[in-house]
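As structure tokens, one chain now follows by itself in the form predicted on its own.
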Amino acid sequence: MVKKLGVLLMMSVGVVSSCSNSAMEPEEINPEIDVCDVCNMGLAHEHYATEIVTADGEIYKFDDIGCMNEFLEMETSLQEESTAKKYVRDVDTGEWIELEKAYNAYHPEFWTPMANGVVSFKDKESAENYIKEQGMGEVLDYKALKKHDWSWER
């Protein structure tokens, strides 16, 4: 009995340590099971998904950047860089980008899963090209995004 308990304890430690994310790196989205931590919608449109990874290794997933910002307004302790990293995806490639380094194209008529109209890109040129293709919108860097008036705030 003691031997079985020891094996069970070792397995539990292994599971817990494998779930830890001390590097604060984003985790791949599984559209079959992942849901947004704010609105509980499935993450069907992976290239719009965002994540917050805490220093404790906890991962929060969102179906678009608007839900992530709404979550951060509620969880103010996660707004500091040392407590959590925030990731968005380049909508063209699906590549994870730290929110602070991303460029965003915004127009209220741009399609996004939660109709926030903010689409993220890995560089300014890509955001500008998207705006040019759509014939409307503006580029928001991280500083401008922090001042953005989100749809739920209106």
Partner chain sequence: MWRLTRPFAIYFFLLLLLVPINTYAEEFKVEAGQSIQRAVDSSRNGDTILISPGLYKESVMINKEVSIKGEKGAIIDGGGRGNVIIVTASNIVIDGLTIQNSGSGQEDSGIHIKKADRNVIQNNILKNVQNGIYLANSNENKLLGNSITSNKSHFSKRGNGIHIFKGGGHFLKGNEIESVQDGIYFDFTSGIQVSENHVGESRYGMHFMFSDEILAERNHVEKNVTGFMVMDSAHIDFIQNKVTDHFHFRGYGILIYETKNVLVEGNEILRNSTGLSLEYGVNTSIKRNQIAANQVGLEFMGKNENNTFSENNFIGNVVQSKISGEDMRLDDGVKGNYWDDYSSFDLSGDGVGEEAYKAGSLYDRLLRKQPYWQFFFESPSIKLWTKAEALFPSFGAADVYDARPLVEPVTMFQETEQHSKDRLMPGLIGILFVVFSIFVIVKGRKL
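Bear in mind the structure is a predicted one, so any value in this text is a computation, not a measurement. Numbering follows the first chain given and starts at 1.
Although not depicted, the form predicted in complex with the partner chain is the subject of the following passage.
Put simply, H45 is close to the partner chain in the predicted bound form: some heavy atom of it is within 4.5 Å. Although the partner is absent here, P113 lies within 4.5 Å of the partner chain in the predicted bound form, judged by heavy atoms. Under a 4.5 angstroms non-hydrogen atom cutoff, the partner chain in the predicted bound form has P31 among its neighbouring residues. D90 falls outside the set of residues with a heavy atom inside 4.5 Å of the partner chain in the predicted bound form. Highlighted residues V35, N40 and E109: every one comes within 4.5 Å of the partner chain in the predicted bound form, counting any heavy atom. You can rule out all but one of 81-89, 45-53, 97-105, 121-129: in the predicted bound form, only 45-53 has residues with a heavy atom within 4.5 Å of the partner chain. Residues from 58-77 that approach the partner chain in the predicted bound form with a non-hydrogen atom within 4.5 Å are limited to E70.
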